[in-house]
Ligand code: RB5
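Single chain ahead, written as C-alpha cells, the form predicted alone.
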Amino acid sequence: MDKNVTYAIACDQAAYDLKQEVMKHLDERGVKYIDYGTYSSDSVDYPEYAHKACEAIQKGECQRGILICGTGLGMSISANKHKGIRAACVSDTFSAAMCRAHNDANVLCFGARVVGRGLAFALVDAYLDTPFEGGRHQRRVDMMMDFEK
C-alpha cells in the first residue's frame, strides 16, 4: 500500500451506511482519505458525488478514489465520464486486484446492495495492496487514455 496516496471517497444514499464502515476500515489501516459525501441516507443523485470525488482527483487533491452506490454501476459510469479517470466496478477480489495491476484503475467502485461489509473490506484491501505492474500494461493504459484526445 502506498502511504502517499490520498483517496477520495463518496457514495449515494444507498451506500451511506457501508461507506461509514469502509471509512472505519480505512482508518484502521492508516489510509488517508477525504469524504466527498453524501453525509446521510437522504435521497441524492449519485452523479453529483462521483463528480466531486473525480474532480478532486483531477485537481490533485486526491490520487485515487472509492465510490459506492447501490450497484456500483452508476458511480462507475459517472466517474468514467471524467477525463483521466479509470473507474472499475468490481464485486470480487480478483477483479479488484487486477484493475490496479493491469489497468492502473484510479477509482474503485462497488455496490452496497451487491457486496456485504466483509467483501467490501476485501475489495478495498485488494485494491489498496496491489500495485500497477506497468510494462506491457502501461502501453495498453496509454492506448485507453488516448481515446480521450
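All of these numbers come straight from a predicted model, not from anything done at the bench. Start at 1 with the first residue shown and count on from there.
Omitted here: the form predicted in complex with the named molecule. The next part is about that form.
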Tyr36, heavy atom within 4.5 angstroms of the named molecule in the model of the complex: no
Contact of Thr130 with the named molecule in the model of the complex (heavy atom, 4.5 Å): no
The named molecule contact at Cys69 in the model of the complex, heavy atom, 4.5 Å: yes
Contact flag, Leu18 vs the named molecule in the model of the complex, heavy atom cut 4.5 Å: no
Heavy atom within 4.5 Å of the named molecule in the model of the complex - the one residue of Lys32, Arg113, Arg29, Lys59 that qualifies: Arg113
Stretch in contact in the model of the complex with the named molecule, which is absent here, among 122 to 130, 7 to 15, 135 to 143, 20 to 28 (heavy atoms within 4.5 Å): 7 to 15
Within 33 to 58, the residues that have a heavy atom no more than 4.5 Å from the named molecule in the model of the complex: Tyr46
